[in-house]
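There is one chain below, alone, in structure tokens, taken in the form predicted alone.
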């Protein structure tokens, strides 16, 4: 389908990162929320097949600006990107999405005498997060009473930030860190964390199209369901009634466990939602009290 203004008429515009660390997970979120679409090759706009939505694929760094100005109704980007674009007053983060998690850290060489960000103040810092870094060290410089040339020098580079210190360009850097392997390989270590970030669902603080509020609410609830489902699994097992109290202490459920009598005397079937990260330990604990026929079900979506 050729995209033009007429084909987008009456459709809520939903911005998705077109590449990078958030892109693939966003596609999974859209599938879990049942937003069906076909994206033609080399086109960055496509319409949903089952909702009055048009998906717009943009660089993650551009999404806060488009949403904040009301040109796009809804978007997914990083919390760090919102702050770096100085758009926190213009967009509302309506949902944290539990993926794309990482830390924006101040890093220095292992041999550096700087042990804290205060020690680094007044020196050279290289980063691709120029706005956030200037704000962060600006507050430190102000507390230390640094003026003019005494203040921290923030220099921008677009990539390979971790190489700046070894090349003699900086005394420290500010960059995103997931595992920390890249930084350690470059001979760096963290001395402070500027912020923790993850993917967020955003809308304009002053939307231009309030008629789309109901569909934004629907999509938000669906995505929240996908996020909740990624955190939980459903466990089902059989246990003797005499061990039921101990079993339900292990699997209390979100509100309460579901308990059903079995045809066999003194046995019950129990089912409950449990945290996915604790599922293996929970199965071990249930096995120790004599639970049998334990089954784990993954969840595609839920409302909790």
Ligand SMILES: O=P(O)(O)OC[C@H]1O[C@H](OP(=O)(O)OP(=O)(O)O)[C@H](O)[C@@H]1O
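Numbering follows the first chain given and starts at 1. Bear in mind that the values here come from a model prediction, so they are computed numbers and not experimental data.
There is another form of this protein, the form predicted together with the named molecule, and it is not shown here; the text below is about that form.
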Worksheet item: At the 4.5 Å heavy atom threshold, is residue 160 in contact with the named molecule in the predicted bound form?
Response: yes
Fill in: residue 175: touches the named molecule in the predicted bound form, heavy atom cutoff 4.5 angstroms
yes
Worksheet entry | is_contact(residue 89, the named molecule) in the predicted bound form, heavy atom dist at most 4.5 Å | no
Worksheet item: Might residue 21 be said to contact the named molecule in the predicted bound form, defining contact as any heavy atom within 4.5 Å?
Response: yes
Item to complete: Name the residue from 138, 210, 180, 187 that puts a heavy atom within 4.5 Å of the named molecule in the predicted bound form.
Response: 180
Discussion item. For the interface check, one of 160-168, 202-210, 140-148, 215-223 should have non-hydrogen atoms within 4.5 Å of the named molecule in the predicted bound form; which one?
Written reply: 160-168
